[in-house]
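The form predicted on its own is given below as one chain in structure tokens.
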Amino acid sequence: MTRIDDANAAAIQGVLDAAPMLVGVGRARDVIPGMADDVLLHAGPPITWDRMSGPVRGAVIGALLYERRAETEDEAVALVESGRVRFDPCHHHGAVGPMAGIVSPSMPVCIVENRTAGNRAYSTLNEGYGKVLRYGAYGQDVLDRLRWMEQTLAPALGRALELAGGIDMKTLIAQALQMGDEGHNRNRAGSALLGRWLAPHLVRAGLSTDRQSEVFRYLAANDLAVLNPVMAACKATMDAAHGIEGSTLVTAMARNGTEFGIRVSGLGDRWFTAPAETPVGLYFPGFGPADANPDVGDSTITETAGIGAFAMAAAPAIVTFVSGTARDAMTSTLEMYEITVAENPVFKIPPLDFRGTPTGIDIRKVVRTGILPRINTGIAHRRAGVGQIGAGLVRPPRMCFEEAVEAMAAALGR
């Protein structure tokens, strides 16, 4: 065993031993470490306002309207340009956010605790489909939905989770994979499981009949309801593997809509970045590739943890949403075994004779084989205020992994 192999063995054990539990819902300013009233968290590596893409800018504007720090789009832009809004990556605060990933102080966030390592991770609640903040939309309907989530949905879910004693996310993800999900773009089974497990407790949460009905309709209509807790579970899992000297394991992949970035266990909190690619996929009627923004979002934490595109063989139906064939879904997973260090014995894939999902991306294997991680993703319009226009597949830039390998060689004195 080499020094790197020993370090990677320790890192991957932290991943495989992780026990992420969805334990509650709290307000971002109250529960996320380092959150402040003038801070907005965003997806991906660090970025400044002048370099933000359209959908991220749109989500920033929407968050400032939601927080009532501005009354109009122009006021929101002026507030940012005055320097009175600070930006920081979600990942720097133990959080993750889908697409633009904007988290503002008043937003409710789900809390996931890794019962093995004791660390916590956070993610906003999922808004559902259509025009939503995470894709850069900020109309009145978007703001109304966010305020309903804050005032009705979050207290209800929080009370139900309290009564339930939390939800074992590792078990939920394992079951969802056996029911045809891959845990990133397809979460139909996982969201159904979440609703089923919460239902007995929601009816004891002290809600009026009308409020109960609203919450159940949200859970019934939103096949992405579980995505955000899954992301937080993956973040809590991968953070347990971060900071191990000499480890070449990737602990975060994320995009801010301009750049793609990775972090590596043995290289501290440094980001290795390169321009983000534009996804290839299927578009909603009236839109096409010319409308698409480059890849954006922290949801690649799912692939980092060994699900998402890494588990596509479990979810052949997803190709009707992201393009490709059922054989492509199988090929996607098989290819990822070439660049990972382990198989997760809990996350089993029925079409592969219940083989565990490929887990733990090794930057050395990526560079040596030339195989880049596969990622399932949504596609945002490149202009602020429009929203989602499709879904597809993308790969990270090779440069991120090449520079990380060079940095590791320097760190180890080679």
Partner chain sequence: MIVRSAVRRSAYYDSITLMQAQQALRSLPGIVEAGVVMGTPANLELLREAGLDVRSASASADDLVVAVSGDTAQHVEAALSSLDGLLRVRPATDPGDQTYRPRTIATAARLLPGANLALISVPGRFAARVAREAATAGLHPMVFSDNVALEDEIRLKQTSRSRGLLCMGPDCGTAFVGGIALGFANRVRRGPIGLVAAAGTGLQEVMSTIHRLGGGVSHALGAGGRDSSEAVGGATMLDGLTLLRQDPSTTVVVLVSKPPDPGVARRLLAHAAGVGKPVVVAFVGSVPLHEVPDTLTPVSTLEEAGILAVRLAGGAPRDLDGEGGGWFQAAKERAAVARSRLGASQRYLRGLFCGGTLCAETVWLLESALRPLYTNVPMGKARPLTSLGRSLAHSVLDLGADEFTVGRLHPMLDMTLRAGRLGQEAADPEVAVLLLDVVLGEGVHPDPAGALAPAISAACTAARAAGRELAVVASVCGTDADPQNRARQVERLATAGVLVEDTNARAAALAGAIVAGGTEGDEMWTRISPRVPRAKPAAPWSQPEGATAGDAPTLLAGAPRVVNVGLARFAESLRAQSAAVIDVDWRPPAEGNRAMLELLDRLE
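Residue numbers count along the first chain shown, from 1. Keep in mind that this is a model prediction, so the values were computed, not measured.
What comes next is about the form predicted in complex with its partner chain, which does not appear here.
Indicate whether the candidate residues T331, E338 and G370 are all in contact with its partner chain in the predicted complex, with contact defined as any heavy atom within 4.5 Å.
So, yes: the whole triplet contacts its partner chain.
Would R115 sit within 4.5 Å of its partner chain in the predicted complex, counting heavy atoms only?
Contact with its partner chain, no.
Under a 4.5 Å heavy atom criterion, is R382 part of the interface with its partner chain in the predicted complex?
Heavy-atom contact with its partner chain at 4.5 Å: absent for R382.
Should R364 be counted as a contact of its partner chain in the predicted complex, where contact means heavy atoms within 4.5 Å?
Yes, R364 sits close enough to its partner chain in the predicted complex that at least one of its heavy atoms falls within 4.5 Å.
So in the predicted complex, does M408 come within 4.5 Å of its partner chain, heavy atom to heavy atom?
Heavy-atom contact with its partner chain at 4.5 Å: present for M408.
Of the residues D168, E127, E343, D88, which one places a heavy atom within 4.5 Å of its partner chain in the predicted complex?
Checked against the cut-off, the match is E343.
Proximity to its partner chain in the predicted complex (heavy atom, within 4.5 Å), stretch among 370-378, 52-60, 33-41, 385-393:
Every other range fails; the passing one is 370-378.
Going by its partner chain in the predicted complex, which residues of 137-172 come within 4.5 Å of it through any heavy atom?
Read in sequence order, no residue approaches its partner chain (within 4.5 Å, in the predicted complex).
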